[in-house]
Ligand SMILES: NC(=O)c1ccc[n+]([C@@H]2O[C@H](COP(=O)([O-])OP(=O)(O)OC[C@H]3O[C@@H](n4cnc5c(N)ncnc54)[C@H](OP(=O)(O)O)[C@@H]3O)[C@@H](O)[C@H]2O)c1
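Listed next as structure tokens is one chain, alone, in the form predicted on its own.
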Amino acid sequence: MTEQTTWGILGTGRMAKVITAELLDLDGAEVLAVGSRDQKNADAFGETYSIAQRYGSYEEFSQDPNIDIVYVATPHFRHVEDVRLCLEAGKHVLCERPFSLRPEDVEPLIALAREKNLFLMEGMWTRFTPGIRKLCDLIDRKAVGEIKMIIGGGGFIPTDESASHIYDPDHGGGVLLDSGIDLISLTTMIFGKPTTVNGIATLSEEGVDEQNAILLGYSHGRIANLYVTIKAVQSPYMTLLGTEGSIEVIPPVYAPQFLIVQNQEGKQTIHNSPLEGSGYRYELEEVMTCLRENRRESSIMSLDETLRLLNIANEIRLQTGVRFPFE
């Protein structure tokens, strides 16, 4: 019998709903509690997903002794405060990405988690999907030799209220932290820490970034050329150029069902398994495996990697002139 992991969901927005639905369909997971700043919202969410414990304050929620791990699904400008609350209450934490808006806010949380021997991870779910794990395997096997260049990007035009935060500087808006961080994450997963970071952006009237072009330089002459936009439409893709061929990640890059490998042996299309559910279950399974094995960090998405990503994003923001009112 699979050991049960009890989850608490902090927040009742879109991502809270997505993650809760995944957990309810996942062996070994039990959603025990939901926390909101409004009791009515907590009750409505709990009724929808048959969650027994419904808290109208984050503080009460964090003190529930039966919660093993909290999924922090609050707006990302609140992440630091809410993660700290849960860690101080002795809870393991999986935090929706981006973890924070500034690296200096995250360093104390990492230190706190390590001091209290608690699991902490940023929910960079794209790294855990089957297609991306297969991509990593191809890279490790040097299917196209040494990867020298990564080209990738994507764009969408927000059309509903759930994306209104992207335009709101008070909520840490902008497309870089909303979607661009995923492309940067996949790049650092492959290349590691960049030696140079260069970015240009176009800003909205509110001062948030609507388009970004990002150029990352790495040791041994490797380069990543990325873009992200909310002014045009392009399903997110990525192409890896190697010394012996190329790998094309067929869109959407976060969950590719096909990888096209071209090398000295010819052209091969690799079919990946379709995503189960919405695709978030793979990171959730990794978290529960880590807890069962008493590991406090995931090797796929470490805390050092979270800090590395924030430093890159922060450097791009500084270069492109994006500033938040609370900074």
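Quick caveat, the model's predicted, so the values are computed rather than measured. Each residue number is its position in the shown sequence, starting from 1.
Here the subject shifts to the form predicted together with this ligand, a form of this protein not shown in this document.
The putative spot formed by Tyr58, Thr74 and Arg78 is fully lined by this ligand in the predicted bound form; each residue has a non-hydrogen atom within 4.5 angstroms of it. Distance criterion of 4.5 Å from any heavy atom to this ligand in the predicted bound form singles out Arg97 from the list Arg127, His92, Arg97, Arg222.
The partner is not drawn, yet in the predicted bound form one stretch among 66 to 74, 284 to 292, 298 to 306, 24 to 32 has residues with heavy atoms inside 4.5 Å of this ligand: 66 to 74. Heavy atoms of Gly123 reach within 4.5 Å of this ligand in the predicted bound form, making it an interface residue. Not displayed here, this ligand is kept clear of Leu310 by more than 4.5 Å at the level of heavy atoms in the predicted bound form. By the criterion of a heavy atom within 4.5 Å, Asn263 is excluded from the residues contacting this ligand in the predicted bound form.
For the chain shown alone, Asn272 is not a contact residue for this ligand in the predicted bound form, no non-hydrogen atom being within 4.5 angstroms.
In this stretch, 267 to 302, the one residue having a heavy atom within 4.5 Å of this ligand in the predicted bound form is Tyr280; the partner itself is omitted from this view.
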